[in-house]
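Next up: a single chain in structure tokens, the form predicted on its own.
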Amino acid sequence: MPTENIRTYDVIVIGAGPVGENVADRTAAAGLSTVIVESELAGGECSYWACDPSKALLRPALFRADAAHVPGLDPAVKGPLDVAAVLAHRDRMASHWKDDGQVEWIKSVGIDLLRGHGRLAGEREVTVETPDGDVVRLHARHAVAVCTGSRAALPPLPGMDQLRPWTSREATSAHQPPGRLVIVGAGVVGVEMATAWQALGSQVTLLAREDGLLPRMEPFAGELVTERLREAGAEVRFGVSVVEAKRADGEGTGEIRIWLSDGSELTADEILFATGRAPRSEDIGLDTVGLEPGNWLTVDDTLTVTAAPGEWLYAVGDVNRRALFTHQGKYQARVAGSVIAARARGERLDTGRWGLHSSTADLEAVPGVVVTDPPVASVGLTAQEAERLGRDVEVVDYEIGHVVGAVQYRPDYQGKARILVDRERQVVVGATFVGPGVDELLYSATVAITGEVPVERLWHAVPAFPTISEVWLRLLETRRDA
């Protein structure tokens, strides 16, 4: 027979991914008793099925691409990747899908971990069904933080259960490259997994409903990535979508037959749907506090759920849909933890634009890196977003390959940089870099935008020679000479 017991904490965190761990770390450090509830692996999506394993698959492909263009190295690196070695490294980076290390860390900082499925059961109440069937009732003196993240959203195609398609989880944890892989989706997951599996030996066909890849970024980013994917042997098709897909045996194995919106057909060994994300909120008891199960949770800048009165319920990370990046979720977690601690002490909140208790960077300066060949790094607005918002900006472009540091990186360097300068305030409000090594340029752009550094002052931030970061100087010179 299941048993039931009741435990009281200052703070209950539902979800032990990077976001939940950071919320709990902040509240525990503030002296608040804290418990994390986790139904899967402590460490969450990023550690086991997203950031860590995906980059482990991608880095060898990018390093080989760079090395193949360096004089003296290129003959040695043109052969195929050692697939077994790459997958073994991926497994290590995913901790072999065991969370012992994360559990040890949680305990070391004074946080309790309760395994099981957590559901809200009223204001400041959570019930947890443990793996052995017991039910634990938790009561929070101050706060409950929902940090359940997001999951892959599959399109409403008939027969999806029998099809058994890949999502991002299967794409990052597969034990061998499929011979033929069809990827549906033009966003980050689609282009990264196309890059990885084509390099590992799959024949990839990437299907984009849109007219280009990476549609939320500057158009030149998607154009350069498309060019390199095609050079690598992948097929990239635009303006098409899947209308039907079936396994040959109808039982989730065997060859897949795919019918497309343009009337054509494909066959594949696996099909990956990278068609967006949905909140993991369908079965966490939202209805018990007057909220709609399965919805994104709307929050204010303190990460407090606006539809739940009483300032006790928080939604942090992907589940609030403000910025679906691990680093932004951890940023929000630091803010939420500070807010919870301040309210518990009865302190006044610092909720100014850049205040300690205000999550604003996820609306104004969100950095992101797409690990493809070439890499794409962006932060802030794109030109299209600026136009949509009615922002008067100068668009300044520069070919990164004209910078000596870039030529040192790769003699045939191809890449482009763009900054957007607010004409009235004379500060940078957006930046996009495409090309090998540009991911390390992103933090400087983020600081420039977040710090609202006047463009004239940026002239005095001298980049080292010869590095790719000299592109900042060239952008400023291009703007001056325009």
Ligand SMILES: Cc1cc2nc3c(=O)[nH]c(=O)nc-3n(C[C@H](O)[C@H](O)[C@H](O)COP(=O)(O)OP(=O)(O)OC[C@H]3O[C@@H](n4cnc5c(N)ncnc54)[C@H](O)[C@@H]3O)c2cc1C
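Quick caveat, the model's predicted, so the values are computed rather than measured. Position 1 is the first residue in the sequence shown; the rest follow in order.
FYI, the form predicted in complex with the named molecule isn't displayed, but the following is about it.
Proximity to the named molecule in the predicted bound form, taken as heavy atoms within 4.5 Å, picks out 111-119 from the listed stretches 302-310, 260-268, 111-119, 387-395. A residue is said to contact a partner when one of its heavy atoms sits within 4.5 Å of a partner heavy atom; Phe325 meets this definition for the named molecule in the predicted bound form. Using a 4.5 Å cutoff between non-hydrogen atoms, Arg321 does not count as a contact of the named molecule in the predicted bound form. At the 4.5 Å threshold, heavy atoms of Thr172 reach the named molecule in the predicted bound form. The shortest heavy atom separation between Glu452 and the named molecule in the predicted bound form exceeds 4.5 Å. With the partner omitted here, the residue from Ala56, Val427, Leu442, Ala50 that has a non-hydrogen atom within 4.5 angstroms of the named molecule in the predicted bound form is Ala50. Annotation for 144-179: interface residues with the named molecule in the predicted bound form are Cys147, Thr148, Gly149, Ser150, Ser168, Thr172 [heavy atom within 4.5 Å].
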